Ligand SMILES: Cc1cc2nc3c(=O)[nH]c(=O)nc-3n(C[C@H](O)[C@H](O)[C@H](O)COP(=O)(O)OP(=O)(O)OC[C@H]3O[C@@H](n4cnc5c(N)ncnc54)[C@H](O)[C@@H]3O)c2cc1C
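In the block that follows, a single chain appears as structure tokens, in the form predicted alone.
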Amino acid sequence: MIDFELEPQVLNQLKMYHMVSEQMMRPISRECDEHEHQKPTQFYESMWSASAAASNIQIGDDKSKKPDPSKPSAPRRANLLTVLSTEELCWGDAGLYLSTPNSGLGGAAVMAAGTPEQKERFLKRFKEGKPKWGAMAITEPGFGSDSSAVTTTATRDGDNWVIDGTKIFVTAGQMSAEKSEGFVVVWATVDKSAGRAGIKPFVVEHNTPGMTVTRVENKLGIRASDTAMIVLDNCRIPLDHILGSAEVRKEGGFKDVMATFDATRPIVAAMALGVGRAALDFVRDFLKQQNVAIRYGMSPRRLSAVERDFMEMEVQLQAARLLTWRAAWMLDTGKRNSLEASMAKAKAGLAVTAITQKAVELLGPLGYSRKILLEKWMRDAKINDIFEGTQQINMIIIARRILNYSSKELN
């Protein structure tokens, strides 16, 4: 049975995240948006210290740990807690959330494809020392959402892998590769003739010779977060930096990519929820100041256009939230959630785009101005409909799952 009832300590944690959003993110939100590549180092330091005190803020769950039979079993909620905290922090600022030092998408790939020893070796750094970032590099200039089209190669040479290729749109790529003691998980093929089965993830440590950040993007939204192009040219890494096995098996390779997305797509959906809720809360407060009441329980025929629009925004946000919570809950309970993760991602991307656009529309010229953050949230929102698999790609995945078609039959 699905149970979303939250314990008091979890509710207290969410209050703390909301306070972080209000007191640490919102005050610097506009400045970070106006100065895209400027680094809010004080914010990084504060969030790094806070994450050490709240170790449950992580992506994914370590399924390698066996439960202690002497202790009563508690519900596994790591992924549900992650999406809850993500919504709360993105209510503050989605770009700053993405720029927060942590293992990020690189950590998600390690959790999805790494051995227990690799998880310990590569992720323990995020609990000690100075702020660090992790990133995942999969998209290339020759493809976007079709992750099976990876052309970056990893060739074994004695005790090393040699990686060659170009990766684009790497979230936190600069901070992970050059500005901290982090790492980048690079997806590359060890055997092009094997197709999808030959795709493997590799951990490339910061400042490894042959890995270069060649460009940091100027973006429409989430401008506090760096998005980088990374070139790998004769980049040599140790043999044991391949995550999991080097053996090319039909059931491996690309499925590790999809397992990573199953964990990260609910998080991206939660990001959208945070931005959408920020816009909705602002409109609610604005309408209250204008003495415009939202009359719940009335016949739709008697509602004003503003009331109908506002209620529709609430409905869309809540529907996306329930899909997101279900996808995270399934991951926590060990259920396969590929369908539900894509449903949450597709719905949340559409919902936040519609909600923020309608919010700007309802406030008219004020909503379009830079005096308030609504126009920024509208810009921040759109990326949720694009990255981590576009809305169209996720709709295809949903159709395949529901209709039981293969990727060859429906693409």
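In case it trips you up, residue 1 is the first one in the sequence shown, and so on. Owing to the predicted nature of the structure, the values given are computational and were not obtained by experimental measurement.
Keep in mind that the form predicted in complex with this ligand is not shown, yet the notes after this line are about it.
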Listed residue (Thr227, Ser99, Asn337, Thr86) with a non-hydrogen atom within 4.5 angstroms of this ligand in the predicted complex | Thr227
Among the candidates Leu81, Met330, Ile242, Ile168, the residue which, in the predicted complex, approaches this ligand to within 4.5 Å (heavy atoms) | Ile168
Heavy atoms within 4.5 Å of this ligand in the predicted complex: which of the stretches 109-117, 219-227, 200-208, 300-308 has them?
-> 219-227
Taking Ile383, Ile396 and Asn411 together, does each of them reach this ligand in the predicted complex with some heavy atom inside 4.5 Å?
-> yes
Please run the contact check for Gln316 against this ligand in the predicted complex: heavy atoms, 4.5 angstroms, yes or no?
-> no
Does Val186 make contact with this ligand in the predicted complex, using a 4.5 Å heavy atom cut-off?
-> no
Gly144: touches this ligand in the predicted complex, heavy atom cutoff 4.5 angstroms | yes
Using heavy atoms and a 4.5 Å limit, would one call Val275 a contact residue for this ligand in the predicted complex?
-> no
